[in-house]
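Only one chain is given next, in C-alpha coordinates, and it is the form predicted on its own.
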Amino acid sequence: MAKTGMDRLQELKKDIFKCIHCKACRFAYSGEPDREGIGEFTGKQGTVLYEGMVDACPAGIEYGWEAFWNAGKIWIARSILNGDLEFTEEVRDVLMPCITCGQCSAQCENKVRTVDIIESLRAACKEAGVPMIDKHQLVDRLVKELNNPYGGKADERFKWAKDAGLEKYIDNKDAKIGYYVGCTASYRQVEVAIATAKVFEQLGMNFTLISDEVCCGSPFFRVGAVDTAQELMNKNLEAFKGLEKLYFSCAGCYRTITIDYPKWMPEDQKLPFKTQHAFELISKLITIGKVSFKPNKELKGKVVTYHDPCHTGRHFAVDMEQEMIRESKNLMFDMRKIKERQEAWFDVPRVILRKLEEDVGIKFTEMYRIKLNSMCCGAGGGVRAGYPDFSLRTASLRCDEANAVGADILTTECPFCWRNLSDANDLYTHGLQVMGILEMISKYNLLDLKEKPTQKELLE
(Lines give C-alpha, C1' and ligand atoms only; values in the text may rest on other atoms or scores of the structure.)
Protein backbone atom coordinates (compact mmCIF):
# COMPACT_ATOMS: atom_id res chain seq x y z
CA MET A 1 0.00 0.00 0.00
CA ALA A 2 1.29 3.49 -0.88
CA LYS A 3 2.43 5.72 1.97
CA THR A 4 0.32 8.73 2.92
CA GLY A 5 1.30 12.13 4.22
CA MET A 6 0.11 11.19 7.71
CA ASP A 7 2.20 8.00 7.51
CA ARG A 8 5.26 10.14 6.84
CA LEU A 9 4.34 12.59 9.63
CA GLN A 10 4.15 9.70 12.08
CA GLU A 11 7.55 8.46 10.86
CA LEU A 12 8.91 11.96 11.48
CA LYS A 13 7.30 12.41 14.91
CA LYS A 14 10.60 12.18 16.81
CA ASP A 15 12.07 14.87 14.57
CA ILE A 16 9.05 17.11 15.08
CA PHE A 17 9.44 16.92 18.86
CA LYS A 18 13.23 17.39 18.74
CA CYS A 19 12.80 21.04 17.73
CA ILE A 20 13.60 23.39 20.65
CA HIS A 21 12.54 26.53 18.74
CA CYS A 22 15.95 28.15 19.04
CA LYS A 23 15.29 30.01 15.76
CA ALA A 24 18.72 29.22 14.32
CA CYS A 25 16.81 27.91 11.29
CA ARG A 26 15.93 31.40 10.14
CA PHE A 27 19.55 32.33 9.38
CA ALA A 28 22.40 31.52 7.06
CA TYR A 29 25.68 31.09 8.95
CA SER A 30 23.63 30.71 12.16
CA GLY A 31 26.71 29.55 14.05
CA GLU A 32 28.97 32.32 12.75
CA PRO A 33 27.69 35.71 13.97
CA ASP A 34 31.08 37.32 13.28
CA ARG A 35 31.55 35.90 9.79
CA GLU A 36 33.16 38.45 7.49
CA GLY A 37 31.33 39.18 4.28
CA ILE A 38 31.15 41.93 1.72
CA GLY A 39 29.54 44.42 4.08
CA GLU A 40 26.59 46.60 3.19
CA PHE A 41 25.31 46.43 -0.37
CA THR A 42 22.30 48.22 -1.84
CA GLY A 43 20.31 45.75 -3.91
CA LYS A 44 17.34 46.20 -6.22
CA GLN A 45 14.82 45.92 -3.37
CA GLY A 46 16.68 48.01 -0.78
CA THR A 47 19.74 47.70 1.39
CA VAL A 48 20.83 44.17 2.27
CA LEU A 49 23.54 43.38 4.80
CA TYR A 50 25.85 40.58 3.65
CA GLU A 51 27.80 40.18 6.88
CA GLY A 52 27.62 37.70 9.75
CA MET A 53 24.33 35.84 10.25
CA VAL A 54 21.69 36.90 7.72
CA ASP A 55 18.01 36.04 7.38
CA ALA A 56 17.84 33.15 4.94
CA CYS A 57 14.31 31.70 4.92
CA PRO A 58 12.61 33.12 1.81
CA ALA A 59 9.08 32.69 3.24
CA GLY A 60 10.07 34.31 6.52
CA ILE A 61 11.69 37.23 4.71
CA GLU A 62 8.64 37.65 2.46
CA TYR A 63 5.81 37.28 5.00
CA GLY A 64 7.52 38.20 8.25
CA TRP A 65 5.52 36.54 10.97
CA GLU A 66 6.18 33.40 12.97
CA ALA A 67 4.06 30.83 11.15
CA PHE A 68 5.96 31.35 7.89
CA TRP A 69 9.36 30.65 9.43
CA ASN A 70 10.24 27.00 9.91
CA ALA A 71 9.77 27.15 13.69
CA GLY A 72 6.13 28.06 13.15
CA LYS A 73 5.60 25.15 10.80
CA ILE A 74 7.00 22.78 13.42
CA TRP A 75 4.40 24.10 15.88
CA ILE A 76 1.74 23.35 13.26
CA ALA A 77 3.05 19.81 12.81
CA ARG A 78 2.96 19.20 16.57
CA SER A 79 -0.55 20.57 16.85
CA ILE A 80 -1.76 18.36 13.99
CA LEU A 81 -0.21 15.24 15.55
CA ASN A 82 -1.66 16.11 18.97
CA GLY A 83 -5.13 16.75 17.56
CA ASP A 84 -5.08 20.39 18.65
CA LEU A 85 -5.33 21.74 15.10
CA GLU A 86 -7.25 20.65 12.00
CA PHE A 87 -6.24 21.21 8.41
CA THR A 88 -8.08 24.15 6.84
CA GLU A 89 -7.51 26.43 3.88
CA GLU A 90 -5.97 28.95 6.30
CA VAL A 91 -3.45 26.34 7.46
CA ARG A 92 -2.77 25.37 3.83
CA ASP A 93 -2.07 29.01 2.97
CA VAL A 94 0.66 29.13 5.61
CA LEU A 95 2.20 25.82 4.57
CA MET A 96 2.34 26.47 0.83
CA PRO A 97 4.47 29.64 0.50
CA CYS A 98 7.61 27.72 1.44
CA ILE A 99 10.22 26.97 -1.21
CA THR A 100 11.40 23.90 0.75
CA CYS A 101 14.95 25.06 0.12
CA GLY A 102 16.21 23.23 3.20
CA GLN A 103 18.11 26.17 4.67
CA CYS A 104 16.31 25.57 7.97
CA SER A 105 17.46 21.95 8.02
CA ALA A 106 21.03 22.92 7.23
CA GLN A 107 21.16 25.32 10.18
CA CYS A 108 19.50 22.96 12.68
CA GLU A 109 21.86 21.67 15.39
CA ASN A 110 19.30 18.98 16.31
CA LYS A 111 19.29 17.68 12.71
CA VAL A 112 15.50 17.97 12.31
CA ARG A 113 14.36 16.87 8.83
CA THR A 114 12.40 20.04 8.20
CA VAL A 115 11.79 19.64 4.46
CA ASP A 116 10.36 16.15 4.93
CA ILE A 117 8.09 17.49 7.67
CA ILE A 118 6.78 20.38 5.56
CA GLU A 119 6.18 18.20 2.51
CA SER A 120 4.41 15.59 4.66
CA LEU A 121 2.22 18.29 6.21
CA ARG A 122 1.19 19.42 2.73
CA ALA A 123 0.37 15.86 1.70
CA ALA A 124 -1.65 15.25 4.87
CA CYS A 125 -3.48 18.54 4.30
CA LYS A 126 -4.55 17.46 0.83
CA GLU A 127 -5.53 14.00 2.11
CA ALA A 128 -7.71 15.69 4.73
CA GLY A 129 -9.82 17.13 1.92
CA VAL A 130 -8.40 20.64 1.74
CA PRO A 131 -8.14 21.54 -1.97
CA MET A 132 -4.82 22.56 -3.46
CA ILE A 133 -4.51 26.19 -4.51
CA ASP A 134 -5.84 26.87 -8.02
CA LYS A 135 -2.48 26.96 -9.81
CA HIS A 136 -1.37 23.69 -8.25
CA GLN A 137 -4.65 22.10 -9.27
CA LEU A 138 -3.93 23.28 -12.82
CA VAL A 139 -0.48 21.69 -13.03
CA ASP A 140 -1.85 18.53 -11.40
CA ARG A 141 -4.49 18.31 -14.12
CA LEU A 142 -1.95 19.00 -16.87
CA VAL A 143 0.45 16.29 -15.70
CA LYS A 144 -2.35 13.75 -15.50
CA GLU A 145 -3.41 14.58 -19.05
CA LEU A 146 -0.01 15.15 -20.67
CA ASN A 147 2.63 13.73 -18.29
CA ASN A 148 4.21 17.15 -17.78
CA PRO A 149 3.14 20.28 -15.84
CA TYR A 150 3.75 22.71 -18.71
CA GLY A 151 0.99 21.53 -21.03
CA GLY A 152 3.45 20.35 -23.68
CA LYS A 153 2.46 17.57 -26.05
CA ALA A 154 4.01 14.18 -25.34
CA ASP A 155 5.25 13.79 -28.92
CA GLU A 156 7.08 17.14 -28.62
CA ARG A 157 9.05 16.20 -25.48
CA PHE A 158 12.16 15.53 -27.57
CA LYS A 159 11.55 18.07 -30.32
CA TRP A 160 14.69 19.85 -29.10
CA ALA A 161 16.73 16.70 -29.85
CA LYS A 162 15.35 16.41 -33.37
CA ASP A 163 15.96 20.11 -34.04
CA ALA A 164 19.55 19.81 -32.75
CA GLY A 165 20.40 16.75 -34.85
CA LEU A 166 20.37 14.40 -31.87
CA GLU A 167 17.44 12.24 -32.98
CA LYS A 168 19.55 9.07 -33.14
CA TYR A 169 19.71 8.99 -29.35
CA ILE A 170 15.93 8.74 -28.92
CA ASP A 171 15.14 5.16 -27.84
CA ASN A 172 18.67 4.00 -28.62
CA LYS A 173 18.29 0.28 -27.85
CA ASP A 174 22.03 -0.40 -27.58
CA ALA A 175 22.62 2.03 -24.72
CA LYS A 176 23.03 1.12 -21.06
CA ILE A 177 23.10 4.79 -20.10
CA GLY A 178 20.09 7.10 -20.14
CA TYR A 179 19.82 10.89 -20.06
CA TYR A 180 16.76 11.86 -18.02
CA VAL A 181 15.98 15.33 -19.37
CA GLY A 182 13.01 16.44 -17.25
CA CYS A 183 10.14 18.73 -18.17
CA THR A 184 11.77 22.13 -17.73
CA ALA A 185 14.70 21.36 -20.05
CA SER A 186 12.40 19.55 -22.51
CA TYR A 187 9.73 22.23 -22.84
CA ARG A 188 11.28 25.48 -21.58
CA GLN A 189 15.08 25.67 -21.15
CA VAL A 190 15.95 23.52 -24.16
CA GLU A 191 19.39 25.18 -24.19
CA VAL A 192 20.27 23.09 -21.15
CA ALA A 193 19.08 19.83 -22.73
CA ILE A 194 20.88 20.48 -26.01
CA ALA A 195 24.11 21.51 -24.29
CA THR A 196 24.11 18.44 -22.04
CA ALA A 197 23.39 16.00 -24.86
CA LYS A 198 26.02 17.59 -27.10
CA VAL A 199 28.64 17.38 -24.35
CA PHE A 200 27.73 13.70 -23.92
CA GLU A 201 28.13 13.23 -27.67
CA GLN A 202 31.53 14.95 -27.63
CA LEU A 203 32.61 12.56 -24.88
CA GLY A 204 31.70 9.62 -27.12
CA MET A 205 28.94 8.40 -24.82
CA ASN A 206 26.45 5.86 -26.10
CA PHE A 207 23.30 7.10 -24.36
CA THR A 208 19.57 7.07 -24.87
CA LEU A 209 16.61 9.40 -24.47
CA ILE A 210 13.59 7.34 -23.47
CA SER A 211 10.42 8.46 -25.24
CA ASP A 212 8.28 7.11 -22.37
CA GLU A 213 9.93 9.56 -19.95
CA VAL A 214 7.36 11.50 -17.91
CA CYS A 215 7.60 14.20 -15.26
CA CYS A 216 9.77 13.03 -12.36
CA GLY A 217 7.04 14.07 -9.93
CA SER A 218 9.10 16.66 -8.07
CA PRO A 219 6.46 19.44 -8.14
CA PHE A 220 3.88 17.04 -6.75
CA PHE A 221 6.03 15.61 -3.96
CA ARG A 222 6.67 19.26 -2.99
CA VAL A 223 3.05 20.48 -2.95
CA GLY A 224 1.57 17.40 -1.30
CA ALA A 225 0.02 15.65 -4.32
CA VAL A 226 1.91 12.46 -3.51
CA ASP A 227 -0.68 10.25 -5.23
CA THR A 228 0.13 12.01 -8.52
CA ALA A 229 3.86 11.91 -7.76
CA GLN A 230 3.79 8.18 -7.06
CA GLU A 231 1.94 7.48 -10.32
CA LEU A 232 4.66 9.36 -12.20
CA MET A 233 7.36 7.59 -10.20
CA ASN A 234 5.98 4.18 -11.18
CA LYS A 235 5.83 5.16 -14.86
CA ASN A 236 9.46 6.27 -14.83
CA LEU A 237 10.68 3.23 -12.94
CA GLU A 238 9.05 1.07 -15.58
CA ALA A 239 10.38 3.15 -18.50
CA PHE A 240 14.00 3.21 -17.30
CA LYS A 241 14.29 -0.17 -15.60
CA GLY A 242 16.42 -1.69 -18.39
CA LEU A 243 19.23 0.85 -17.96
CA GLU A 244 22.25 0.65 -15.70
CA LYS A 245 22.67 4.37 -15.12
CA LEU A 246 20.74 7.64 -15.50
CA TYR A 247 22.41 11.02 -15.97
CA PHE A 248 20.64 14.31 -15.23
CA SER A 249 20.95 17.99 -16.03
CA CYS A 250 18.08 19.02 -13.76
CA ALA A 251 18.78 19.36 -10.04
CA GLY A 252 15.13 18.77 -9.12
CA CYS A 253 14.79 15.60 -11.19
CA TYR A 254 18.10 14.28 -9.85
CA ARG A 255 17.10 14.90 -6.25
CA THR A 256 13.60 13.46 -6.75
CA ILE A 257 14.64 10.19 -8.36
CA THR A 258 17.72 9.69 -6.18
CA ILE A 259 16.36 10.77 -2.78
CA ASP A 260 12.55 10.85 -2.94
CA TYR A 261 11.75 7.73 -4.92
CA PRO A 262 13.34 5.39 -2.34
CA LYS A 263 11.33 7.12 0.43
CA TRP A 264 8.04 6.47 -1.32
CA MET A 265 8.82 3.07 -2.85
CA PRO A 266 8.00 -0.12 -0.92
CA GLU A 267 10.74 -0.82 1.63
CA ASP A 268 11.85 -4.01 -0.14
CA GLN A 269 12.49 -2.19 -3.43
CA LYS A 270 15.54 -0.22 -4.59
CA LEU A 271 16.22 1.97 -7.59
CA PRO A 272 17.02 -0.33 -10.55
CA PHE A 273 19.73 1.99 -11.86
CA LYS A 274 22.52 4.28 -10.62
CA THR A 275 22.05 8.03 -10.82
CA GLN A 276 24.46 10.92 -11.40
CA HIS A 277 24.33 14.55 -12.45
CA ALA A 278 26.20 15.53 -15.60
CA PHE A 279 28.41 17.97 -13.71
CA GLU A 280 29.68 15.08 -11.56
CA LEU A 281 30.89 13.30 -14.69
CA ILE A 282 32.69 16.37 -16.09
CA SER A 283 34.27 17.08 -12.71
CA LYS A 284 35.53 13.50 -12.49
CA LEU A 285 36.97 13.57 -16.01
CA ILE A 286 38.84 16.78 -15.18
CA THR A 287 40.23 15.20 -12.02
CA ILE A 288 41.56 12.13 -13.87
CA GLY A 289 42.99 14.26 -16.67
CA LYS A 290 40.71 13.26 -19.54
CA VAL A 291 39.06 16.67 -20.00
CA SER A 292 40.35 20.24 -20.07
CA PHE A 293 39.14 23.45 -21.74
CA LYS A 294 40.20 25.66 -24.64
CA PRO A 295 41.11 29.35 -24.19
CA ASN A 296 38.37 31.78 -25.23
CA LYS A 297 38.88 35.48 -25.92
CA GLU A 298 35.21 36.31 -25.42
CA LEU A 299 35.15 34.83 -21.90
CA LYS A 300 38.63 35.84 -20.79
CA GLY A 301 38.48 38.20 -17.82
CA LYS A 302 34.74 37.69 -17.24
CA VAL A 303 33.78 37.43 -13.57
CA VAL A 304 31.80 34.22 -13.12
CA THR A 305 29.97 33.22 -9.96
CA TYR A 306 28.04 30.06 -9.09
CA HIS A 307 24.60 29.50 -7.59
CA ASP A 308 24.27 26.19 -5.72
CA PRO A 309 20.84 24.76 -6.57
CA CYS A 310 19.06 23.67 -3.38
CA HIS A 311 18.21 20.27 -4.85
CA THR A 312 21.72 19.26 -5.89
CA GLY A 313 23.44 21.23 -3.16
CA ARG A 314 21.87 21.47 0.26
CA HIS A 315 19.34 18.65 -0.17
CA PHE A 316 22.02 16.13 -1.08
CA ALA A 317 24.31 17.43 1.68
CA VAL A 318 21.58 17.10 4.32
CA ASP A 319 20.71 13.64 3.00
CA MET A 320 24.37 12.64 3.38
CA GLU A 321 24.27 13.90 6.96
CA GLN A 322 21.10 11.92 7.72
CA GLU A 323 22.62 8.78 6.18
CA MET A 324 25.72 9.07 8.35
CA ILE A 325 23.57 9.65 11.44
CA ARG A 326 21.52 6.53 10.64
CA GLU A 327 24.71 4.51 10.26
CA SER A 328 26.04 5.68 13.62
CA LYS A 329 25.95 2.91 16.23
CA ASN A 330 25.26 5.33 19.09
CA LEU A 331 24.21 8.91 19.74
CA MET A 332 27.75 10.14 19.09
CA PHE A 333 28.72 10.88 15.51
CA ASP A 334 31.72 12.72 14.14
CA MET A 335 30.56 16.01 12.61
CA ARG A 336 34.04 16.48 11.16
CA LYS A 337 33.48 13.45 8.90
CA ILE A 338 30.03 14.71 7.89
CA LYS A 339 31.35 18.17 7.05
CA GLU A 340 34.29 16.68 5.14
CA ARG A 341 31.91 14.64 2.98
CA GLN A 342 29.60 17.62 2.45
CA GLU A 343 32.50 19.88 1.51
CA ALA A 344 33.70 17.34 -1.06
CA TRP A 345 30.19 17.28 -2.54
CA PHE A 346 29.93 21.06 -2.83
CA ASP A 347 33.35 21.14 -4.44
CA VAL A 348 32.27 19.02 -7.43
CA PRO A 349 30.97 21.87 -9.68
CA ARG A 350 33.75 24.11 -8.39
CA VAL A 351 36.34 21.72 -9.83
CA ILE A 352 34.90 22.62 -13.24
CA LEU A 353 34.82 26.35 -12.54
CA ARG A 354 38.40 26.42 -11.25
CA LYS A 355 39.52 24.52 -14.36
CA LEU A 356 37.65 27.04 -16.52
CA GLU A 357 39.48 29.78 -14.64
CA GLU A 358 42.82 28.08 -15.28
CA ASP A 359 42.28 27.17 -18.94
CA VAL A 360 39.80 29.72 -20.29
CA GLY A 361 40.72 32.80 -18.30
CA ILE A 362 37.44 33.50 -16.49
CA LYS A 363 37.64 34.89 -12.95
CA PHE A 364 35.68 32.59 -10.62
CA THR A 365 34.37 34.60 -7.65
CA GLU A 366 32.11 33.24 -4.93
CA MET A 367 29.05 35.05 -3.56
CA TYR A 368 28.71 35.55 0.20
CA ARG A 369 26.15 32.80 0.79
CA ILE A 370 27.39 29.58 -0.72
CA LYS A 371 27.25 25.81 -0.36
CA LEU A 372 25.25 24.73 2.70
CA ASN A 373 24.34 28.37 3.38
CA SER A 374 23.44 29.22 -0.21
CA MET A 375 20.43 31.48 -0.81
CA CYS A 376 17.62 29.80 -2.76
CA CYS A 377 16.68 30.98 -6.27
CA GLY A 378 13.01 31.04 -5.25
CA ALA A 379 11.64 28.56 -7.79
CA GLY A 380 11.08 25.33 -5.86
CA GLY A 381 8.42 23.90 -3.59
CA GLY A 382 5.58 24.85 -5.93
CA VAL A 383 6.24 28.54 -5.25
CA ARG A 384 7.16 29.53 -8.81
CA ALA A 385 3.76 28.27 -10.02
CA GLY A 386 1.69 29.31 -7.02
CA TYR A 387 3.31 32.56 -5.90
CA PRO A 388 5.26 33.93 -8.88
CA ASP A 389 5.82 37.47 -7.54
CA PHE A 390 7.28 36.15 -4.28
CA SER A 391 9.35 33.68 -6.27
CA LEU A 392 10.88 36.37 -8.47
CA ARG A 393 11.54 38.72 -5.56
CA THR A 394 13.52 35.91 -3.93
CA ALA A 395 15.47 35.31 -7.16
CA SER A 396 16.25 39.02 -7.32
CA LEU A 397 17.76 38.85 -3.81
CA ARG A 398 20.06 36.12 -5.10
CA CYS A 399 20.96 38.18 -8.16
CA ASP A 400 21.82 41.04 -5.78
CA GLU A 401 24.52 38.82 -4.32
CA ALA A 402 25.96 38.19 -7.78
CA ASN A 403 25.93 41.93 -8.45
CA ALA A 404 27.63 42.56 -5.12
CA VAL A 405 30.72 40.57 -6.19
CA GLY A 406 30.81 42.19 -9.62
CA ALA A 407 29.77 39.12 -11.56
CA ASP A 408 29.28 39.24 -15.31
CA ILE A 409 27.96 35.69 -15.53
CA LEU A 410 25.79 33.88 -12.98
CA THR A 411 26.07 30.12 -13.50
CA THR A 412 24.10 27.24 -12.06
CA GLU A 413 23.38 23.63 -12.92
CA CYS A 414 19.58 23.50 -12.78
CA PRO A 415 17.21 24.60 -15.55
CA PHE A 416 14.58 25.65 -12.99
CA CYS A 417 17.09 27.90 -11.19
CA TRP A 418 18.21 29.11 -14.63
CA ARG A 419 14.65 30.12 -15.49
CA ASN A 420 13.89 31.95 -12.24
CA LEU A 421 17.22 33.73 -11.97
CA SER A 422 17.04 34.73 -15.62
CA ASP A 423 13.50 36.09 -15.27
CA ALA A 424 14.42 38.06 -12.14
CA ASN A 425 17.57 39.31 -13.84
CA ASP A 426 15.44 40.74 -16.65
CA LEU A 427 12.59 42.01 -14.47
CA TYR A 428 14.80 43.77 -11.94
CA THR A 429 17.51 44.76 -14.46
CA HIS A 430 20.45 43.13 -12.71
CA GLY A 431 22.51 43.14 -15.90
CA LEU A 432 23.81 39.59 -15.54
CA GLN A 433 24.19 36.79 -18.05
CA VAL A 434 22.60 33.64 -16.59
CA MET A 435 23.94 30.32 -17.89
CA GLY A 436 24.36 26.69 -16.99
CA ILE A 437 27.96 25.52 -16.63
CA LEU A 438 27.55 22.83 -19.30
CA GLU A 439 25.63 25.34 -21.41
CA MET A 440 28.62 27.68 -21.27
CA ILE A 441 31.00 24.85 -22.14
CA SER A 442 28.86 23.86 -25.15
CA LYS A 443 27.96 27.36 -26.35
CA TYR A 444 31.58 28.54 -26.47
CA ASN A 445 32.97 25.17 -27.64
CA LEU A 446 35.28 24.97 -24.66
CA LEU A 447 35.58 21.21 -24.22
CA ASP A 448 39.04 19.83 -24.92
CA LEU A 449 38.79 16.04 -24.80
CA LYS A 450 42.18 14.50 -24.08
CA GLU A 451 40.94 10.93 -23.87
CA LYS A 452 37.47 9.41 -24.17
CA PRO A 453 36.07 7.99 -20.93
CA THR A 454 35.72 4.25 -20.80
CA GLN A 455 32.35 2.55 -20.41
CA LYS A 456 33.41 1.50 -16.92
CA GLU A 457 34.11 5.11 -15.97
CA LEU A 458 30.75 6.20 -17.34
CA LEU A 459 28.88 3.47 -15.44
CA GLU A 460 30.70 3.83 -12.10
Partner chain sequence: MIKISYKLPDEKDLEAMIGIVGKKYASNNKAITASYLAKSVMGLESQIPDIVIRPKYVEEIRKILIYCSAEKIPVSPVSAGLSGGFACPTIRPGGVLLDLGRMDRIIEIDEENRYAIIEPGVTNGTLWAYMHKNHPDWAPPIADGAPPAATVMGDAIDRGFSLYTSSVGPQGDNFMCGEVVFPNGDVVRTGSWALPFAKPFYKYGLGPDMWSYLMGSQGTMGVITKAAVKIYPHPKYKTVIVWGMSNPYDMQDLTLEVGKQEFGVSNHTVMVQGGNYPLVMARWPKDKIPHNYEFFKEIGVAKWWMNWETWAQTQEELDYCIKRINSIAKDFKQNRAKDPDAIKPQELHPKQIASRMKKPNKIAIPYSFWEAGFLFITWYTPWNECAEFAEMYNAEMEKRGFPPVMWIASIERCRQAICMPIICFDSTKDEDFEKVQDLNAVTTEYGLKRGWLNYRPDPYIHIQAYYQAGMYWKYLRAFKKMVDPNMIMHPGRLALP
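Numbering follows the first chain given and starts at 1. Being a predicted model, the structure only gives us computed values, none of them experimental.
The same protein also has a form predicted together with its partner chain, omitted here; what follows describes it.
Participant: Pick from 426-434, 411-419, 388-396, 51-59: which stretch has a heavy atom within 4.5 Å of its partner chain in the predicted bound form?
Facilitator: Careful reading of the contacts points to 51-59.
Participant: Check each of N110, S211, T365, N206 and return the one that places a heavy atom within 4.5 angstroms of its partner chain in the predicted bound form.
Facilitator: Of the listed residues, the single hit is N110.
Participant: Would you mind picking the one in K329, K241, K337, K173 that has a heavy atom within 4.5 Å of its partner chain in the predicted bound form?
Facilitator: Of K329, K241, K337, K173, the residue with a heavy atom within 4.5 Å of its partner chain in the predicted bound form is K329.
Participant: For the three residues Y150, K168 and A195, which mark the spot I'm curious about, does each lie within 4.5 Å of its partner chain in the predicted bound form through at least one heavy atom?
Facilitator: Looking in the predicted bound form, the three residues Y150, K168 and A195 all stay beyond 4.5 Å of its partner chain (heavy atoms).
Participant: Can you tell me whether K443 touches its partner chain? I mean in the predicted bound form, with a 4.5 angstroms heavy atom cut-off.
Facilitator: Judged by the heavy-atom cut-off of 4.5 Å, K443 is well away from its partner chain in the predicted bound form.
Participant: May I ask you to check whether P97 falls inside a 4.5 Å heavy atom distance of its partner chain in the predicted bound form?
Facilitator: Heavy-atom contact with its partner chain at 4.5 Å: absent for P97.
Participant: Taking heavy atoms and a 4.5 Å cut-off, does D134 contact its partner chain in the predicted bound form?
Facilitator: Heavy-atom contact with its partner chain at 4.5 Å: absent for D134.
Participant: With a 4.5 Å heavy atom cut-off, would you call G31 a contact of its partner chain in the predicted bound form?
Facilitator: It does: once its partner chain is placed as it appears in the predicted bound form, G31 has a heavy atom within 4.5 Å of it.
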